[in-house]
Each structure stands twice: as structure tokens, then as C-alpha cells.
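Below sits a lone chain in C-alpha cells, taken as the form predicted on its own.
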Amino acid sequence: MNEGITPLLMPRWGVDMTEGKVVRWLVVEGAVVHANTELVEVESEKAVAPVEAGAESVLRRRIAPEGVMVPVGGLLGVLAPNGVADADIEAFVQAFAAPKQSVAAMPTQDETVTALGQSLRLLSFGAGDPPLLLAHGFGGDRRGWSLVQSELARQRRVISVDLPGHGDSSKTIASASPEFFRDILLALMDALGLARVHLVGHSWGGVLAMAVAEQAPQRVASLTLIGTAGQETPVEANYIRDFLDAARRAEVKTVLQRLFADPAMVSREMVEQVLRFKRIEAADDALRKIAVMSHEASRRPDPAAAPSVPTQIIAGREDRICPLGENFTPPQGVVLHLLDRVGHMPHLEAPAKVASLINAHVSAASAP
């Protein structure tokens, strides 16, 4: 009876999310939808984003009304071809029980690992190898992945790491060179016993991920670059300088707003978190050294170079920090996803879309 029927469920964006609010439906009942069609916009405490269709179908029922709260895994709607009888749809709805699986039930590990003499803080969710390894950008940390990590962990193990000089990892760094951070990621994989990973890097983290893929392509199952800078897409000249020099709340807020298409996404909590981190003398010193070394690096990988592993690029059309530019053309075999109304932080501005794109890319790279 359930053949061809697909439930549309409330997603989980962020480790702490337990429910979401239905803001508005974007598609009417009876409409034919395609993969990645945005069906309904939902809101959590940290994000407002659309829920998308996974494949071509028909939106047969809108179950959750606008304005109501729905638990994670709860039924938002039902997708099914027109050939499925209305009685079968109704029976499915009546028999539906929300999945009991939660992030708390997933294998979870919050640990510290030593690699090349550096103490690295990790957060892992889910199970299955090869895992996803998430590398944050300059000045970020593992918590920046919170809106996508738990969603990705529904299908595989996902590991986010604080790179040296960031988050809760070592603040006194042995080196600030890109090669050192590349080797840190490889050493981390060794410490965790990981032969291969699917690498996801944001901004500076994407540069490091490209360097890993170039140095050891046999250890990278796939590569996802999000808002990543390279020779063809350099970092906006003044951003890093302004980020390092910002010392007051208003200054930090102004700088962070440049990361987003919608400046209102910069919350008070985000500003306070950055301020607390920047006030750690060793952290500020590490960031300044990294900024200098990254700028002076004689050679760095570039998103426009031919990849040695399956690669996709995710970028915001309104990215003012690392804009791809009108003339950017990805090399053959690389898929480029340009997201509307998104700036330099796609994983925070469009977490559902980014999680969907990563899952699809990893699945394709894992296929026989």
C-alpha cells in the first residue's frame, strides 16, 4: 500500500533542535515537484530554511498547517504519484508514526585527539565509513557546522574539528603555514584510523581540503568546497584585516555582517562568541600568524584547477568575501551550485540545501 508514497518530514538543523515551526507552504497540493523543489519553509531557533523534495513526485497532502510546531521527524506532508489512490494516502497518514531516532540516540563522541603535537577538539555524530570530515574557515570552529552536521549524520558518520588556533584546540600553534594545516588533517585521519574521508571545507578550510586532496588523493573519497578562496577567487582584501582588528561589539558585528546576504542573521550570541575568542591572547596571535602565512603562500590550490577526486563547489551568489565572479567556469567534472540570496556562509544561510547537496554528492561518489 505504501509503494510510491514518500513522507515529508520535519528535518533537524542543529544538535539541539527538537521541533520546528511551519512558516509557509511554497507549493499547492496536487503540484508536480522535482528533486530540490522547495516545498515548505520551516523555522527553528537558529535557522529559517525550506524543506525540499528528494525526487520527482506530486505533493498529495499538506499535513502540517502554517504556524504550527512539528517535532523533528514529524509529518509535514505526503508525496506520491497521481496513480496512488487517495484512500492509500489517507491510510498512510493515519498509520504514520514519527521516527524515534534522535541525535541523542546516534553514536556521539566529543573528544580531544593529539595530531602532530597539537590538541584537537572533535565532535562526531552518526556511524558508517568513510565518514565526512568538516573543516571550518578562518576564525571559525566546529560549532559553525551545527545546522548541517546532525542532518548529515542521519546517513553516515560526520566529524567536525577545531583546527589549531581555533575553538577548543591548541592555541599555541607549531606552524601557521597551509602545509602544516594540511598535514594536521592527514595526521588527524591517521589518529582516528581513517583510511579515507569525504572532505568538506568552508572558505580557508576548503583551501586546506584541496591541499589534502592534492597531496593524498587516495585518501579523499569526495571533496565539497563551500565559499572557498583560491587563485581565481581571492579573499576580499580588507575582510581578514578588519576581522582581526575588530575589538568592540559594534565593530565585530559590522565585520560579521559582511559574511551574510542578510545582515540580520548576525545574532548577539554570534558576536559575543567571536569577542570571547578574540580576547584570548594566544588565539589572536595564532590567527594573525595564519593570516600572514596564508597571504604570503607562494602557491595554493584553486577551485578552477582540474580535480583529482569527485568535487563540487557550493557558493552564494551574494558572497562578498570570496566571490566567484561572472567569468568563473568550473573545470570539467566539477559541479557548481550557486545559491540565490546566500552570501559567504551557505551552511548557515541555507543549511537544508547544503546538507542535501553534500548528501547527494557523497552518495554519487560512493556509488559503484
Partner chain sequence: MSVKSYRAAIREALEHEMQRDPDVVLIGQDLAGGAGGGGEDDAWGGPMAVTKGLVGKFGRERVLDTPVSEAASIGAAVGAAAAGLRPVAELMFCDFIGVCCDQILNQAAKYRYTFGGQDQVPLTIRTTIGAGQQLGSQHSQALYPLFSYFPGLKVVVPATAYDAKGLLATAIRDNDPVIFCEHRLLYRLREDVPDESYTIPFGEARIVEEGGDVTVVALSRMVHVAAEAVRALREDGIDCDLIDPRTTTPLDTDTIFDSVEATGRLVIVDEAGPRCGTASDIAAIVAEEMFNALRAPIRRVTPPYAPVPAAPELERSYVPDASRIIAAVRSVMER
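Fair warning: this is a prediction, and the values are worked out from it, not measured in the lab. Residue numbers count along the first chain shown, from 1.
As for the form predicted together with its partner chain, it is not shown, yet the points below apply to it.
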Of Leu275, Leu244, Ala91, Met265, the only residue with a heavy atom within 4.5 Å of its partner chain in the predicted complex is Leu275
From Asp285, Glu214, Asp168, Glu236: within 4.5 Å of its partner chain in the predicted complex by heavy atoms is Asp168
| How about Ile280: is it within 4.5 Å of its partner chain in the predicted complex, going by heavy atoms? | yes
Of 202-210, 130-138, 247-255, 153-161, the segment with heavy atoms within 4.5 Å of its partner chain in the predicted complex is residues 247-255
